[in-house]
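Just one chain follows, in the form predicted on its own, and it is written as structure tokens.
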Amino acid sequence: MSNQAYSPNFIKRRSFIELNARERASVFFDAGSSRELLGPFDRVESPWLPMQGVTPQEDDGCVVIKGKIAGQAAVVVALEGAFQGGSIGEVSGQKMTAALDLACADNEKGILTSAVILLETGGVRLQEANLGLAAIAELMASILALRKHAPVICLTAGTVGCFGGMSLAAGLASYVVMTREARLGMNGPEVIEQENGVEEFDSSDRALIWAIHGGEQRYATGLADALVDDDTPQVAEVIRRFVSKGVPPEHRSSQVALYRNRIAKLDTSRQWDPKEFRALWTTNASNEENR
């Protein structure tokens, strides 16, 4: 596909991970079709952070851009992992939810509008704990409403990963895209070690972390729909493909019985080696498909 299909930012750098949130969000759109909503010059920032001695950011670490992807209307929401670890507060959460709600409203008017959410986040912002929790709950409801009409695609690339309540939001997506450098999980390694000890999870063991939470493992076990290299053209092409693909026949989060059955077959009294677990999990999946 020609480079002319993308924003000018597309050709500046090839590494997707090295881009900031605004640059990441820009690369997916058809040239000349996008505009940012509630950008930094609108001065919509968290009122709570300054009270706790934290310097706010004028877009609250959340970038919202609307335009066309592969000729279809779409909204892209990107979290800035470099600001407060991409954590969710009142303002950033409301920006995400409003963007998806407006996309849902467009669909109800007959304007097919997809959503792409770029997740580099540790979850709830500790300084805005209850507000962040409420924001994630509202976001999840918005994803469920929108995905009935058009695909909601979640992408995590690195270096922060996607953890906490936002991993639940990713689990509701129509499609999940990851790089090998990315991580996806409910609890981060440090949290697991803190609560259950180093015997449960050694957070200093980077190979173990990526073997469990990394993009390659998540893709191999069917919890991600695409594994991409840290290459901007490749990432953009995969996102465009999923936008064009439309809503899947059945969302992963609706397959409760399937995953309960797989988990029931595991011996939870032992600690599984990640490679051994992957082999068993994929074997069970293959057996289910052949029935």
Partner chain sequence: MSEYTGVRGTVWFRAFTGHASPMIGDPKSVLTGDARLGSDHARFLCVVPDPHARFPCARHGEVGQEEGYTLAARVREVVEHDKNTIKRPIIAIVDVKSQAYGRREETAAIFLAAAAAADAYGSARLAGHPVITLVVGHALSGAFLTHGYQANRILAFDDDGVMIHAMHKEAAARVTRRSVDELEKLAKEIAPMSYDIRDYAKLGLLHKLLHVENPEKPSTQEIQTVQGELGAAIADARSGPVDLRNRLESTAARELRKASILVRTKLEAQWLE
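Residue numbers count along the first chain shown, from 1. Because the structure is a prediction, the values reported are computed rather than measured.
The protein also exists as the form predicted in complex with the partner chain; that form is not presented, and the subsequent description refers to it.
- Contact check for residue 47: a non-hydrogen atom falls within 4.5 Å of the partner chain in the predicted complex.
- Taking the partner from the other structure, the partner chain in the predicted complex has no heavy atom within 4.5 Å of any heavy atom of residue 207.
- For residue 252, a non-hydrogen atom is located within 4.5 Å of the partner chain in the predicted complex, even though that partner is not displayed.
- For residue 82, no non-hydrogen atom is located within 4.5 Å of the partner chain in the predicted complex, even though that partner is not displayed.
- Shown here without its partner, the chain carries 130, 194 and 256, all of which come within 4.5 Å of the partner chain in the predicted complex through at least one heavy atom.
- Out of the listed residues 177, 152, 75, 78, 75 is the one that sits within 4.5 Å of the partner chain in the predicted complex by at least one heavy atom.
- Along 156 to 195, a non-hydrogen atom within 4.5 Å of the partner chain in the predicted complex is carried by 165, 167, 168, 171, 172, 184, 185, 186, 187, 191, 192, 194, 195, in order along the sequence.
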